[in-house]
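In the form predicted alone, a lone chain appears below as structure tokens.
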Amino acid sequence: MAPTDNPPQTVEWQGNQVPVWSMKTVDYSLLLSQDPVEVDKVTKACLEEGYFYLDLDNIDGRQMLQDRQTLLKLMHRFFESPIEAKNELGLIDSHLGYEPLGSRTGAFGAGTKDGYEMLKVSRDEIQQGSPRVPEVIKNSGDLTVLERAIGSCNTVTKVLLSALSSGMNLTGAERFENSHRNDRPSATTLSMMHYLPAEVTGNNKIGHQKHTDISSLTLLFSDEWGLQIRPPGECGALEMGFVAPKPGCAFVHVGDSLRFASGMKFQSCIHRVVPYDPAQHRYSIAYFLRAEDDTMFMDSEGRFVTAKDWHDQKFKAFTDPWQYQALAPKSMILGGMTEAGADDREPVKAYMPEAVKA
């Protein structure tokens, strides 16, 4: 991270003052017109930090914000339904279906599981007429809501890719968007996540483990605190710090595939989710823009892999028990990003409300 004269703000969490890391804010309307100053800003953000806020509160981005509000209503209705109804959807594929609470490793490593449930919808399935999308979704207005949300997210992330191509002076087939064409198979996914309060999960199902994303770009929306990042460079030797929700903005970060495609010039964002308020329900929407399945790149270990191979290998690592994750190279979970120092200043206390203790 580039040096700054302004120390980070802090918030109290787990009895400590934890940083709230600052970041650049990029204007979506200016990117649409390829404004050179804004193109330079977003490119530097990806080269230096690997993340930024994207301001959508303008005539070009407000439809995305409206689609997000409609999608949140769908999410509340789905996640509040009985577990039997949710399980009927099942996990059809790694990027389609319902993933229940505790399917992955939790935020604090060994012995913990994640504290969220997730509904995932594949962009390819929607584009192909939804052959494997469950009938309960296809036979309702929910399909239209999902189509609109995926369409909006896809447009926004493609604008970002185009700006980054221009910022890196790429031309022709080398431009990033030419490996993210709409008519080619990919694992691009809209994921809707519900983090449950501690009184429901207990103290062994907590948040989401530290990792980098498989994706090229992740477009993330959440009104509630809980997302933490570890900045690259010197700041990365300190600790994980919070991302403050910013009204009218999405949080965007670089994933492994775009880092690989940039020849390791872009930073892939190390992040995790923790219970900021253990009594709170937290909802987030993430659009994972991924490269075409047959896109070839060199990973951080010098292997030539396709985007599909990388997706499948890393998805397996995410769902492996922590004992197997500990044996895997860091280049898998952290995408080859280097770090130093502890994630937390003090050991994290167990989240065990009185109601659960009793």
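Since the structure is predicted, the reported quantities are computational estimates derived from the model, not experimental observations. Position 1 is the first residue in the sequence shown; the rest follow in order.
Another form exists, predicted together with a small molecule; not displayed. Remarks below refer to it.
| query | With the partner left out of view, is Leu220 within 4.5 angstroms of the small molecule in the predicted complex by any non-hydrogen atom? | reply | Result yes; Leu220 sits at the interface with the small molecule in the predicted complex.
| message | Is Phe266 near the small molecule? Define near as a heavy atom within 4.5 Å, in the predicted complex. | response | Close contact is absent here: in the predicted complex, Phe266 is far from the small molecule, nothing within 4.5 Å, heavy atoms only.
| said: Would you classify Ile126 as touching the small molecule in the predicted complex, given a 4.5 Å non-hydrogen atom cut-off? | reply: Because no heavy atom of Ile126 falls inside 4.5 Å of the small molecule in the predicted complex, the answer is no.
| task | Verify the contact flag for His271: yes if a non-hydrogen atom of it lies within 4.5 Å of a non-hydrogen atom of the small molecule in the predicted complex, no if not. | result | Output for His271 is yes: heavy atoms within 4.5 Å of the small molecule.
| message | Within 4.5 Å, heavy atoms only, one stretch in 68 to 76, 172 to 180, 85 to 93, 207 to 215 touches the small molecule in the predicted complex. Which? | response | Comparing against the small molecule in the predicted complex, the contact stretch is 207 to 215.
| field | Heavy atom of each of Lys24, Leu54 and Leu160 within 4.5 Å of the small molecule in the predicted complex | value | No residue of the spot touches the small molecule in the predicted complex.
| request: State the residue from Met193, Cys249, Ile137, Leu101 whose non-hydrogen atoms include one within 4.5 Å of the small molecule in the predicted complex. | output: When the small molecule is considered in the predicted complex, the option within 4.5 Å is Met193.
| field | Contact assignment for the small molecule in the predicted complex, among Val254, Met240, Leu227, Val156, heavy atom within 4.5 Å | value | Of Val254, Met240, Leu227, Val156, the residue with a heavy atom within 4.5 Å of the small molecule in the predicted complex is Leu227.
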